[in-house]
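Shown next as structure tokens: one chain only, the form predicted on its own.
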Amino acid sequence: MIEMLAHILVLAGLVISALLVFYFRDLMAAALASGFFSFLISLEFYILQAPDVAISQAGIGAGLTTAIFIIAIRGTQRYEEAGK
């Protein structure tokens, strides 16, 4: 029962974080929401008993990719133009 509740909470968090990535106008906030999405995916892989995939997803998806996005955003404008 507890495992099913944790599974449902992670899946709900995945949907919410994916919607946040889509709706955020601030690129830094969208990159952080994307990192949170990747972390939740790695947690879901761990719940599904695939720890090797979870470790690689956490390291590359949540860690490295989010860091690269943040470095790239620092070199550009942070907010997307509203009129385009």
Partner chain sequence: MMRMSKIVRTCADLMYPFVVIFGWYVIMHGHLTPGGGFQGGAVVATGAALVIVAYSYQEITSMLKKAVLMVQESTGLLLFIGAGLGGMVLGFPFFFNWLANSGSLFGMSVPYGPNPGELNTAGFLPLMNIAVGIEVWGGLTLVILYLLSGLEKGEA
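Positions refer to the first chain, counted from 1. Computed from a predicted structure; not experimentally measured.
There is another form of this protein, the form predicted together with the partner chain, and it is not shown here; the text below is about that form.
Asks: Considering non-hydrogen atoms and a 4.5 Å limit, does the partner chain approach residue 15 in the model of the complex?
Replies: No - in the model of the complex, heavy atoms of residue 15 and the partner chain never come within 4.5 Å of each other.
Asks: Does any heavy atom of residue 74 come within 4.5 Å of a heavy atom of the partner chain in the model of the complex?
Replies: Answer yes; at least one heavy atom of residue 74 falls within 4.5 Å of the partner chain in the model of the complex.
Asks: Although the partner isn't part of this model, could you tell me whether residue 20 comes within 4.5 Å of the partner chain in the model of the complex, counting any heavy atom of the residue?
Replies: Result no; residue 20 lies far from the partner chain in the model of the complex.
Asks: Looking in the model of the complex, any heavy atom of residue 11 within 4.5 Å of the partner chain?
Replies: No, residue 11 stays farther than 4.5 Å from the partner chain in the model of the complex.
Asks: Are 32, 35 and 41 jointly within 4.5 Å of the partner chain in the model of the complex, each by at least one heavy atom?
Replies: The answer is no: none of the three residues contacts the partner (heavy atom, 4.5 Å cut-off).
Asks: Listed by sequence position, which residues of 37-61 have a non-hydrogen atom within 4.5 angstroms of the partner chain in the model of the complex?
Replies: In sequence order, 51, 52, 55, 56, 59, 60 come within 4.5 Å of the partner.
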